[in-house]
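Encoded as structure tokens, the following chain is the form predicted alone, with no partner shown.
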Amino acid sequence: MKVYEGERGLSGAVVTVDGEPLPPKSEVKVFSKMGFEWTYVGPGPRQLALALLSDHLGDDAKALALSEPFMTAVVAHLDNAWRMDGAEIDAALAAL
């Protein structure tokens, strides 16, 4: 099962999947040109929601459709440093 992690450092917000950088999925939709963010509702958090869901679900269209509610329910509430696995994403999606 994949593990997603995010943290903020001197170079900004960094998000990985299994230790590798998580692609922003800007070819699907650009919500933010500034990169990923979290802890609030906005373009950066929505880009993160899209990227997380696209990677996890393997379905860009479904990820795009779910990105706003997932951002509001999950991404907006993440701590400065966070870790989430696929089972946690599935549970969050089931609760939407």
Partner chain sequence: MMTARQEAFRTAYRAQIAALYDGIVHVALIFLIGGAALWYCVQNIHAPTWLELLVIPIVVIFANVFEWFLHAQVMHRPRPGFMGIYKRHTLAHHQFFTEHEPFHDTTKDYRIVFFPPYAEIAFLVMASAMAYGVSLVWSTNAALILVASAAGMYMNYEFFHWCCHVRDDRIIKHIPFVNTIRRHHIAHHDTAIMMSRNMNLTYPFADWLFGTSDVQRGLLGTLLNGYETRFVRKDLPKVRSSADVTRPAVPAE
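Numbering follows the first chain given and starts at 1. What you see is a predicted model, and the numbers here were worked out from it, not measured in a lab.
Omitted from view is the form predicted in complex with the partner chain, to which the following refers.
- Looking at Val30, you'd find every heavy atom of it more than 4.5 angstroms from the partner chain in the model of the complex.
- Under a 4.5 angstroms non-hydrogen atom cutoff, the partner chain in the model of the complex has Ala13 among its neighbouring residues.
- In the model of the complex, the partner chain lies within 4.5 Å of some heavy atom of Arg8.
- Although the partner is absent here, Leu22 sits far enough away that none of its heavy atoms falls within 4.5 Å of the partner chain in the model of the complex.
- With contact defined as any non-hydrogen atom lying within 4.5 angstroms of the partner chain in the model of the complex, the contacting residues in 20-50 are Met34, Glu37, Trp38, Thr39, Tyr40, given in sequence order.
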